[in-house]
Ligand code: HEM
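Coming up is one lone chain in C-alpha cells, specifically the form predicted on its own.
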Amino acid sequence: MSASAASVVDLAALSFQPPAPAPQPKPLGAFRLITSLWRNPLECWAQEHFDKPIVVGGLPFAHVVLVSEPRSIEHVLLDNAGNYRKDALQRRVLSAGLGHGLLSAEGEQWRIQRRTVAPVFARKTIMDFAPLMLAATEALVARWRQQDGATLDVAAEMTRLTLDVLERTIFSDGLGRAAEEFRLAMRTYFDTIGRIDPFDVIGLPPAVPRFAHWRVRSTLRFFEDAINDIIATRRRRMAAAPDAVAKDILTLLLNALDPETGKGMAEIEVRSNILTFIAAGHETTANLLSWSLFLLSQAPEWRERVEAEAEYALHGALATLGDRLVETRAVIDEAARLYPPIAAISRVALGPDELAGTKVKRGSLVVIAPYVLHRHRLLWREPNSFDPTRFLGEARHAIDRYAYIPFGAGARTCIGSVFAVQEATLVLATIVKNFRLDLAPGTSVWPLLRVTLRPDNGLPMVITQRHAA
C-alpha cells in the first residue's frame, strides 16, 4: 500500500461513497463487453482490475494489458514512450476534427507543436487570466441571484460558464456564434464520437465507415466554419492595428513560433488546436466543477469548510489567492480522482517489452485507466470514498506521481491542466461563497463516459443564495 493510502482519513467524509458502477465479479464475455462499451465503458471493469497491478486480457480480438502499477505507467508514458503510440481507437476518435492538433499528432509533428504552444500555456500566462476567470464567474453569480430558489441543470450551467471563460481568455472577439449554439454542438460532438464503435472493438480496419463519423459531419462543419471566421477576424484586426489586439491565447497561438526553427504552425494545425482548446477547455473543466459541486452537496462538513475558506480567501490579494484556497483545491483534486477528466489512456506496443514481470507482445494494446488507477485497492485507502484530506499537507506529497494522473502523465500530459485547475478552483470558491447547491429531490446521479466523464442526464440542483448582493 502506498503512503497515500496510509494518510489520515476524515471519517465523516468516508460516510459518503459517490455513485459509480459496481465492478463486474469477473471479466465480461465478448458480447456483453461490446454492448457495455457502447452503452457506458465504466460498466466494463471487473473486480480484478481494481485489485491487481497488471491484468492481461479483455478485448476478444486483441492482446490487452491493463496497467495500474505506477513504475510501469512511468515506463510506458515516459521512460520508454517511444515504444508506445496512440492506438487505432484513439486515433479514430481524435481524427474527428482534432486530427492535426496536439491530442492526436505523433512524432516530430507533435514535438514541434508542443514546443510552439508551450509558452502559450506557461504558468505566468495562465495566472494573468485569473481576473478574467473571476469576471466570468461574477457574471454567473449575478445571473443566479435572479433565480434564487430555482432548480437549474448545473452541468449545463458549468458548460456555459466555461465557454464564457474561453471567450474572455482565448477568443476575446467572441466565438463568432452564439455560445449556446457552441454548447449544444459540443454536446452532440462528444455524444457521437465518444461512443466506442463495435467495429473498433472487433478490429475492423479504419477504411470501413463508422456510423459516428457520418453523424458528426454537420457538427464538424459548424466548428470549421466558426473557427475559420474566428481566425479571419483576428488576422484582419492584427493586420490593421496590431498593438490594439488583445493578447489572449488566440493571438499568442497565431503568433507562436517554434523556438528551434522559427516557424509558425500550419493553418490546419492552428484550426485543429483551436477546436482542441474549445473542446477540452470547456468540457473537462465544466465536468470537474459539476462533480465538485455535487460532491459538496453530499458532504455537509466539507461544504462548510470550503464556504469558510472562500469567505476568507476571496477578500485577499489576487496574486496569492491560489495559496489561500487550499481546501477548495483539495476538493477539486478529489473530484478529479473519483471522476478523472481523462478516464482511459491507451497505447499500442511497437515492440516487445516487459511491465512488472508481465511480457508485452509487439502489437499489444496497453491501457492505463485513471478511473481504475484512482480507485485501486493497492494504491488508495477507502478508494471509493470522498476524502479530500488525501490532498492536504503531507498526504498530498506522499501520493506517487504515477498513481494520480487525472490529466495524463509523461511528455504528453495535458498542456492545459494548469488552466483547468486554476479556473475550477476560482469558480468553485466563488460559487460556494455566494450559494448553496442541493441536489433536486428525486434526482439520481450517474457517471457516463463519452470521451470525458460527466453526470448522465445532467445535474439538477436547487440554487439558494447565501449572501445578498
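Residue numbers here begin at 1 and follow the sequence given. None of these values were measured; they are calculated from a predicted model.
As for the form predicted in complex with protoporphyrin IX containing FE, it is not shown, yet the points below apply to it.
Novice: Using heavy atoms only and a 4.5 Å cut-off, decide whether all three of F294, R375 and L453 touch protoporphyrin IX containing FE in the predicted complex.
Specialist: Spot residues vs protoporphyrin IX containing FE: no contact at all.
Novice: So in the predicted complex, is protoporphyrin IX containing FE close enough to C414 to count as touching (4.5 Å, heavy atoms)?
Specialist: So C414 counts as contacting protoporphyrin IX containing FE.
Novice: Looking at the partner-bound form in the predicted complex, is T285 within 4.5 Å of protoporphyrin IX containing FE by any heavy atom?
Specialist: Flag for T285 set to yes.
Novice: Consider R324 of the chain shown here, and say whether it contacts protoporphyrin IX containing FE in the predicted complex, taking contact as heavy atoms within 4.5 Å.
Specialist: Flag for R324 set to no.
Novice: Tell me, yes or no, whether F419 is in contact with protoporphyrin IX containing FE in the predicted complex, where a contact means a heavy atom of each within 4.5 Å.
Specialist: Contact check for F419: yes, within 4.5 Å of protoporphyrin IX containing FE in the predicted complex.
Novice: Find the only residue in L175, L152, I170, L392 having a heavy atom within 4.5 Å of protoporphyrin IX containing FE in the predicted complex.
Specialist: If I apply the 4.5 Å criterion carefully, the residue I get is I170.
Novice: Between L103, M186, V348, L314, only one gets a heavy atom within 4.5 angstroms of protoporphyrin IX containing FE in the predicted complex; which residue is that?
Specialist: Selected option: L103.
Novice: Which among 178-186, 302-310, 382-390, 273-281 is in contact with protoporphyrin IX containing FE in the predicted complex, heavy atoms within 4.5 angstroms?
Specialist: Contact-bearing stretch, as computed: 273-281.
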